[in-house]
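A single chain comes next, written as structure tokens; it is the form predicted on its own.
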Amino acid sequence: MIKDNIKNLIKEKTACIGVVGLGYVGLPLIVEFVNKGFQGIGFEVDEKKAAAINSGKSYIVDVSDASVQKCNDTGRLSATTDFRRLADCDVIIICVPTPLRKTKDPDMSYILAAGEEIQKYMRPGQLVILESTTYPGTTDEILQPTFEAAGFELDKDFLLAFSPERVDPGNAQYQTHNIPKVVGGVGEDSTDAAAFLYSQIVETVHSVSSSRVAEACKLWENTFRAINIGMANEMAKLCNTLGIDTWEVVRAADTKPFGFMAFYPGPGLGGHCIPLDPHYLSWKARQHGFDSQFITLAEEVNSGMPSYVVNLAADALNEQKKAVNGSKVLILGVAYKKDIDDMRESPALSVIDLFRAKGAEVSYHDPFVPEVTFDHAYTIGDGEPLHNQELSDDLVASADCVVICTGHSGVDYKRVTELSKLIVDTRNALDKPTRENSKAKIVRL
């Protein structure tokens, strides 16, 4: 029985684990397996990433160079661009990107490409798991037929499951090993084998009845966040209109020990999951004639926040008898969250685009991001790349407006307020004493 054979290989730690895609999800995952005694092969289309891993170097914040080198020293970790080595793997885990097209429909090209590569080199006896966030039905509607088209039979020749990634880049408390893992297979045998696999590296595994339940679970989690952030953003706009401190209201509401969970406003949604996943869910809903109005409304509010931030700055500049056109705007932080280098879907990119489209002279400081290119789907500016600027006194003092888009903890905000003329704080980065003692005009969400 294929399930028993795979479980025995896992139990004896003779199973070879292949991970397709060595990004923010795949690299920490393969490191965990190697650290637990498994042979790990990482598959990449990017030769530079494969070479970095093989030389003991990491390129993501959650995995140190020392961790990669330690795995390399065991002789159990290797990275390759040669997908023929998929045939050497007993388990294949797909961790590829699932972006949106410009139409905001799911782009399944990476999953399709991974499935086709696996199909080419597939052999009987393998367990394939998809971790990439996607709409309910992807695993059994796309991957299963792909493998069956090559003559392989589910439960006889291969097992197939979905287990959503729950990576939170830069989170020191919750990482791969202590984040509960949801697992749903295309059939009971697939669920059982996949759950047993993850139990080797994860403290808690929660099995569900199908891959579709597991797929829907991930979308529900992130849509929940997107909707509540949308509400926080709308409340911030309302509080500003009423002249109320948004952040004081949130802190007060958060004292309630039940029935409330604090969400905070910002310049928009960032990261690979929160801005994208609701679109996957609403897209699937439309295929079945269902109009997900609540999700759509939240997306409208969140996607409008960069424009709202720019308008706040424009109004404040106008009060100082300055136009956005020709003004020097300094953006503090371009990563999508504090103290990481991840710029995926960062709202700061849209803020920069909008300022540049209005004729502002934009520069940025972000110690984690040396360069910003504007080849993302929603670019509306001129597309010229920007480079990180040292946060010198001259840079801050010469800016007509400083916009805090990401509240990196290493920035001396007290010094920024002492030197600035105007600050738009979208992250509540400036504490109350700093604000009260500032000579700069401060505008907050």
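It should be emphasised that the depicted structure is a prediction, and the values quoted were computed from it without experimental measurement. Residue indices: 1-based, along the sequence shown.
As for the form predicted together with a small molecule, it is not shown, yet the points below apply to it.
- Contact annotation: Tyr264 falls within 4.5 Å of the small molecule in the predicted complex, judged by heavy atom distances.
- For Pro136, no non-hydrogen atom is located within 4.5 Å of the small molecule in the predicted complex, even though that partner is not displayed.
- Contact annotation for Leu269: at least one heavy atom lies within 4.5 Å of the small molecule in the predicted complex.
- Interface residue remark: Thr98 is not counted as part of the site for the small molecule in the predicted complex, having no heavy atom within 4.5 Å.
- The putative spot formed by Lys237, Glu319 and Arg444 is not touched by the small molecule in the predicted complex; no residue has a non-hydrogen atom within 4.5 angstroms of it.
- Listed stretches are 119-127, 204-212, 148-156, 329-337; the contact stretch with the small molecule in the predicted complex is 329-337, by a heavy atom cutoff of 4.5 Å.
- Distance criterion of 4.5 Å from any heavy atom to the small molecule in the predicted complex singles out Lys218 from the list Lys181, His365, Lys218, His279.
- Residue in contact with the small molecule in the predicted complex (any heavy atom within 4.5 Å), chosen from Ala285, Val249, Ile274, Ile295: Ile274.
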